[in-house]
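Heads up, the chain below is alone and in the form predicted alone; it's given as structure tokens.
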Amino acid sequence: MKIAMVASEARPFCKTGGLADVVYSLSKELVKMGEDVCIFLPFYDSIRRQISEKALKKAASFKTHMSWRKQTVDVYQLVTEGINYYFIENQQYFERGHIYGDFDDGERFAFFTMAVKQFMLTKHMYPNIIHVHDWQAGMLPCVLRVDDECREKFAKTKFVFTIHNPAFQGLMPKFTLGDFYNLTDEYYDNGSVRFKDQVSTLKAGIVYANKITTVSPTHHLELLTPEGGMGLDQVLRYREWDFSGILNGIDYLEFNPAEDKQIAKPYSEKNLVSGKKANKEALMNAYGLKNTKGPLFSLVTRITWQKGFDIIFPAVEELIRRGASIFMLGSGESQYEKRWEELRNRYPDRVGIFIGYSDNLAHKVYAASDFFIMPSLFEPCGLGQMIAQRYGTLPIVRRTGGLKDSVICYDGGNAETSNGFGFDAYSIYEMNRTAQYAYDIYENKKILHQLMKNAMLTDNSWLKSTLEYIKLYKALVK
């Protein structure tokens, strides 16, 4: 099959979150299975700095029409790991020094969507599957299916739309339908793209795709409820028979403690205890932490309300008082960053923090830690808990979305199968209770080592997920 991925970010070139991991890892696994895969990305200036001009091939140059605008488009091609990357260039829109957060994001990604459409027409590229990710390109199935010329040329193309984060819905004023996408108000007036009295590119993706997916089975069910759907539940229930949840995986080549050159001492389940000890000592020495007999709890995360920080801080203080150490790697909302700074100032030999992101340090943190804290208010899938398990680090999660699907929580009687800890109610009490229970288990080395070994042997590879996507694709194009 010929499969085109269309997204706003993808590793190894640009990443702000799990979306980039999914687009890249799924594509790489599909290529391994013999599929023909390309990825369309905006050509951000951050990507330009990473790639030699000699490695790029100019694939096309044309103008894209957005109402009265005639925007110049240059498209560059790069093949790596068997994946064809097509970078959509326009300096006005994508040389900003960052990916998101501008007042004209709606216009920027509308341009990206329309440029992808025009490139496919120009190059006579009609894939079997066009797989669109999140709101940024959510209008693509619509503009290809309602345009008379495109309807004929893409007659055999099927569209899959994946919702990674339903909190971002691509909301724009009504006039943008004609101003950005060259569409009449008909599609707003009939409700196809209208949501919360605005145009929603996320809703457009749901309505016009042949199949809709999200990133875990539990999140699929949550999105169908008024409580978890963020307003989308009625739209998704309308498409319920075309909607499913496929759990993400992680890249087992990148995250492999037995061969990880970024950690102090590589290890497997056979030398788990000594490997963990060596990596813990290395991290704590590097950040001036006192190496007590207590456990090391860690977070590698975006620092935002969604990740449960209002219930994390009270539990962390109780853990420190009991004898634990904490390491936090991440960045985000300033109010929470300041609280981490204050916590480190009060406990300088027990709390280590790194404000920002370092892939190298993330590997070290996963390898060094005993427990990984991830009590999200909502979590469509989450990858941190899976990476932690790969390194024998036991996640402590709130059972929501993909956290519920990927963590088998220890309850005192299922040590042979458990690979983490969890709770249901989003509360300070439940977070603290579960963290303290994990600490109790830390002192029972027999059970602790069994759970850690279970975690390391959990299959969170992309192979399982990719087979489900292939099954979905083939059912569409048969």
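Fair warning: this is a prediction, and the values are worked out from it, not measured in the lab. Heads up: residue numbers just count along the shown sequence, starting at 1.
Keep in mind that the form predicted in complex with alpha-D-glucopyranose (GLC) is not shown, yet the notes after this line are about it.
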Query - Stretch in contact in the predicted complex with alpha-D-glucopyranose (GLC), which is absent here, among 378-386, 273-281, 145-153, 68-76 (heavy atoms within 4.5 Å) - result: 378-386
Requested in this report: Using a 4.5 Å heavy atom cut-off, state whether residue 248 contacts alpha-D-glucopyranose (GLC) in the predicted complex.
Outcome: yes
Query raised in the report: Looking at the partner-bound form in the predicted complex, is residue 455 within 4.5 Å of alpha-D-glucopyranose (GLC) by any heavy atom?
Result: no
Query raised in the report: Given that the partner is absent here, does residue 10 sit within 4.5 Å of alpha-D-glucopyranose (GLC) in the predicted complex, heavy atoms only?
Result: no
Report task. Answer for residue 165 alone: is it within 4.5 Å of alpha-D-glucopyranose (GLC) in the predicted complex, judged on heavy atom distances? Result -> yes
Requested in this report: Report the residue, out of 215, 115, 312, 319, that has at least one non-hydrogen atom within 4.5 angstroms of alpha-D-glucopyranose (GLC) in the predicted complex.
Outcome: 215
Query raised in the report: Pick from 80, 358, 91, 306: which has a non-hydrogen atom within 4.5 Å of alpha-D-glucopyranose (GLC) in the predicted complex?
Result: 306
Query - alpha-D-glucopyranose (GLC) in the predicted complex - contacting residues of 12-32, heavy atom within 4.5 Å - result: 18, 19, 22
